[in-house]
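Form predicted alone, single chain, as structure tokens, below.
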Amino acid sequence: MRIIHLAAELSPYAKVGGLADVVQSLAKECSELGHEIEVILPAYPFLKKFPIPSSFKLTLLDVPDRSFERDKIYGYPDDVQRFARFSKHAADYLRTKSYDVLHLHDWHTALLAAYLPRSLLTIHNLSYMGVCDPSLLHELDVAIEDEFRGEEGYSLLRVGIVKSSLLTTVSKTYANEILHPQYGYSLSDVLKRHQNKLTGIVNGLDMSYWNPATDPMLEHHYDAVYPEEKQIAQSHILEKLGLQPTTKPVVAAITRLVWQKAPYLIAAALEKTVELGGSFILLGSASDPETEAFFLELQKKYEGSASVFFSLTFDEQLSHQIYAAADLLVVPSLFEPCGLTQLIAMRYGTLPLVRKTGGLADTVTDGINGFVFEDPSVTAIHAKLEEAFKLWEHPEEWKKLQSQAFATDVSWKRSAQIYLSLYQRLAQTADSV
């Protein structure tokens, strides 16, 4: 099959979050299975500066208004207009091409479903909708339908939900959650009406990129056969970060410090870890001044501590080293469509401590390959940390959990086959293009 992905991000070259990793690794997996894959991105100027090797075709599409000739992917007042025009321009480009399936990712490319047939739209995070004025749809020659208007007004994501042939989201639990207003917000109504075309498919990892046995960003390698080597990696990173050796767990958080990720629970986990005698490593960047100020104040509180390390930025290499060094990774999200950090943690023999929601609920089982709590409260995360620290005192039981985390299938193999079956359904309904 000829499958075309359209997205705003692609790891590692144009990356803001997990969307970039998913597009890259799913495209790679399907390409390796023998399918013809093309990924289309806006022609960001920073991507034009060097060749980009990949196992699939990558097309950088210039938009005539030059609105993508900026330093960042997002963060501009006209983001919705920019990506809507990119979708229209991509549709014009694709009318001259042959394809079996268009795979659209999130609100950035959802509008394409209004122009071309056989589209599958994946909702990676429903809280970002691409809200727009109807005049934008008129400008871009989209015939407005009654279903395009909801409580949020008009949005590119709503148009995509209505017009796409099939819908997916990135875990089974999240697919059920978004049918209710708590998680589906103003889009729960239109999702219920189109529930028959919605499938939840959990994300996977690029297993060659995320591999503690070969990871070039690590100085000390290990795997499930020799997990004791993980302690060497941990000692090295603790020394590098100026933290003292410890006989208690090393706890980490690697995240964007946004509301969804429950930064107040991350702070609570940090303080409880220190109280229990453990070490805590935080790698995370805040997107709003208030949250950044809160964590800068917390950093100041622990300044000079030999058991706490802060890095309030994004650092790809350091993130790999922290996954290797940590014993526990806390992911206390208020909602989480899928989450990749808990999958990476298990791949690196680090036990995830997560809240039971979305993809976290689908991939982590309490007492089997990690620790799970339900209530998004300080009391609940404190109690679960205490439980984890108590288990640490029983090395054989801890090693059993670690072994089961290592053994968890976090690859794309199963999920890619589900996507391919959906692609096949769309391809079979095709007229010649």
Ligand code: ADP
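Sequential numbering from 1, following the sequence displayed. Keep in mind that this is a model prediction, so the values were computed, not measured.
There is another form of this protein, the form predicted in complex with the named molecule, and it is not shown here; the text below is about that form.
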Check: With the cut-off set at 4.5 Å between non-hydrogen atoms, does E316 touch the named molecule in the model of the complex?
Finding: yes
Note to self: Taking any heavy atom pair closer than or equal to 4.5 Å as contact, tell me whether L19 reaches the named molecule in the model of the complex.
What the structure shows: yes
Next item on the list: Give a yes/no on whether R82 approaches the named molecule to within 4.5 Å in the model of the complex, heavy atoms considered.
Entry: no
Item checked: Touches the named molecule in the model of the complex: Y323 (any heavy atom, 4.5 Å) -> yes
Notebook entry, point to check: Of 155-163, 233-241, 347-355, 253-261, which is the one stretch near the named molecule in the model of the complex, taking non-hydrogen atoms within 4.5 angstroms as near?
Noted result: 253-261
Next item on the list: Just give me the single entry in A114, I73, L283, L270 that has a non-hydrogen atom within 4.5 angstroms of the named molecule in the model of the complex.
Entry: L283
Check: Of W210, Y183, Y99, F148, which residue is found within 4.5 angstroms of the named molecule in the model of the complex when only non-hydrogen atoms are counted?
Finding: W210
